[in-house]
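Presented below, as structure tokens, is a lone chain in the form predicted on its own.
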């Protein structure tokens, strides 16, 4: 879709038209219009991404890098072109610093096993925060178990804001690596990642940032942030499932041994010795998710055409409205009220368990998520087994939160 000539402060009517780009939003759920508020789990896909996937499979389906026939050349061109689009999205210096993975989880595990594990000795420390997704906890626990290292956790306050002084204090002489989320998938807290990275680097500690909840909601500038590694998932960024990317500084990628072995990641193989490809292909063993990467490229094109600054502005306005509407409802407790916040509203209700809340909302056509959101330590921090979470995307408007509020009033009527 073309956005030429549209003022950067686009109207509410224009943003409502964005819904037409997402075919699934035409569905009716239990006879009600679909109100999709679960994009932190997975985003819906615009028509341009769906058409790109269909076009690839219908016209250019072939394996990449391994043949000289036309279909293979076309597939390889589009696959590598998508790598360049990820570079542009993140503001990286070189597309060779972009490794395609199956998602954020795979990217973090790659760094944990290939870069961090070889450097660790017993008693060394890895620093994370209390608001991390399990994908940024469990890989580090595994590495600690394998090496005798220790996992340290920086605390947060009751608003869901990181205690930056304590984060700095925990950067001790045994800290070897730090990994933290850019935006919390439960709280919506936007962490001060540039300052956190600066603090780590002053202590000669390398940094990975989990960007799974960040890249789709506003511009990410790696040059400004200074991260050594940055990971995200395509399916949260309007792209296909099973694809994601890891940014890693070129010099670090060259230091890292391959994590998986097989075809594609080699220059030559004999029974005596294997010579590996240079990065990033050294870390992409086997046939990659070619269609996924190409579809991710289409999603990035879509997002950049909308304009990340405009997307961030629109979503901030809708989020503020949603926070206000929910705060005025009887029996609703908001979880995560940080001043710097994006895309996510988690809450608990006095009258009903989150699973019951989500069930009633579903009957009203509202898709929201209930559970611990792969963040059980964070739930324990707030004394809750679970929350209900409403997470928004570029196609959401104030009306979606009006429908959510209507569903929550029905919860109070039933359980009150």
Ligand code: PLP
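The model shown is predicted, which means the values in this text are computed figures rather than measured ones. Positions refer to the first chain, counted from 1.
What comes next is about the form predicted in complex with the named molecule, which does not appear here.
Among the residues 213, 346, 189, 129, the one placing a heavy atom within 4.5 Å of the named molecule in the model of the complex is 213.
Contact with the named molecule in the model of the complex, defined as a heavy atom within 4.5 Å, holds for exactly one of 87, 314, 341, 235, namely 235. Proximity of residue 114 to the named molecule in the model of the complex: non-hydrogen atoms within 4.5 Å are absent; the residue sits far from the partner. Mapping the unseen interface onto this chain, residue 133 counts among the residues with a heavy atom inside 4.5 Å of the named molecule in the model of the complex.
Using a 4.5 angstroms threshold between heavy atoms, residue 40 counts as touching the named molecule in the model of the complex. In the model of the complex, the named molecule sits within 4.5 Å of a heavy atom of residue 103. Segments offered: 219-227, 235-243, 249-257, 291-299. Contacting the named molecule in the model of the complex at heavy atom distances within 4.5 Å is 235-243. Taking a 4.5 Å heavy atom cutoff to the named molecule in the model of the complex, the contacting residues in 169-194 are 181, 183, 185.
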